[in-house]
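What follows is a single chain, given as structure tokens, in the form predicted on its own.
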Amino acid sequence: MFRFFLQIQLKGLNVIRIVFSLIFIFSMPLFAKTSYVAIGTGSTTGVYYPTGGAIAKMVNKKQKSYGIKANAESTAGSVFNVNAVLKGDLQFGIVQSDRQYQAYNGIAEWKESGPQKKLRSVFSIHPEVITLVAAVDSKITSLKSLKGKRVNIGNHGSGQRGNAIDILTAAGINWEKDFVAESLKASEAPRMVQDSRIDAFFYTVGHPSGAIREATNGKRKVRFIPITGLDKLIKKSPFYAKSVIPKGLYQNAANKTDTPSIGVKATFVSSSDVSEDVVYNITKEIFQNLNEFKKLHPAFSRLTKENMLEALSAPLHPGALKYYREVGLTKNIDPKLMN
């Protein structure tokens, strides 16, 4: 009798072990390894850095659901981000729309290396205005009056440098001969203009910007310089569009009216090597919670699901496209990007 009950108990223990084993096996996804992703941004005083931080913040709140841990990293800007994403050093990067176009098509900085066919677009974000800030005492009032001055066009590898060169060339100004061109990072330029070490600087940025606010709040009075008369450039390069810096956005700037300019858009890119699930979940999180995302920075205030699919040149990442198909957003996407 004792042996009979012992056998029953042992069988019961075996059943319990089997049950717990099955529970463990079927719950394995809950304990899946976390995917760590790095997001390349830009200068800490620009909008790219808080944009990357905002995306990481929202994704990390759902870390248990998505199994993703995101981190925003300050970098040298668009060109660096494209190259680092394609090398696998970053999983995502924030890149100006013109740089996305140039990289995928193998022109400008990628002329020698050729088309970067692994580049994938995810979505676009805020508009960025090509902003020219000049000290009032420098007597700079137009692009032409930059001649003979000391002007920062941006550090090598930054989108703003390419934009500045495009603008100057289109305006008939030789940036290598007509003035002294500096190659400072965006975060360094405001201090340099306030210290009278440069007369003006270009910065392609979403407004309001911490760097621009720093430049306008110093003792040396500054103003925004109009960038106009570039219709041929806009026609030739469709990633450029007319834009404006609203008056009163920086109260200490000397401008009394809106300042016309042109601009691009910030875009969120990845590589074909990055997991479809990771891209899908990040895209889903931002789009499903767009109102929350828009509250994280003033530059996001006019974002819509539709305009976040504009200004893209590289094919959409399959993970992003999967989400857009699920929610019926493909009608807003250029068919060439869905191949």
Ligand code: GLU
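Residue indices: 1-based, along the sequence shown. All figures in this text were calculated on a predicted structure; none of them were measured in a lab.
What follows is about the form predicted in complex with ligand GLU, which we do not show.
The shortest heavy atom separation between residue 267 and ligand GLU in the model of the complex exceeds 4.5 Å. Heavy atoms of residue 205 reach within 4.5 Å of ligand GLU in the model of the complex, making it an interface residue. Ligand GLU in the model of the complex is not approached by residue 199, whose heavy atoms all lie more than 4.5 angstroms from it.
Looking at residue 47, you'd find a heavy atom of it within 4.5 angstroms of ligand GLU in the model of the complex.
Scanning 102, 160, 152, 131 against ligand GLU in the model of the complex with a 4.5 Å heavy atom cut-off leaves one residue, 160. Figure note: of the listed segments 191-199, 223-231, 74-82, 238-246, the one touching ligand GLU in the model of the complex, with heavy atoms no more than 4.5 Å away, is 74-82.
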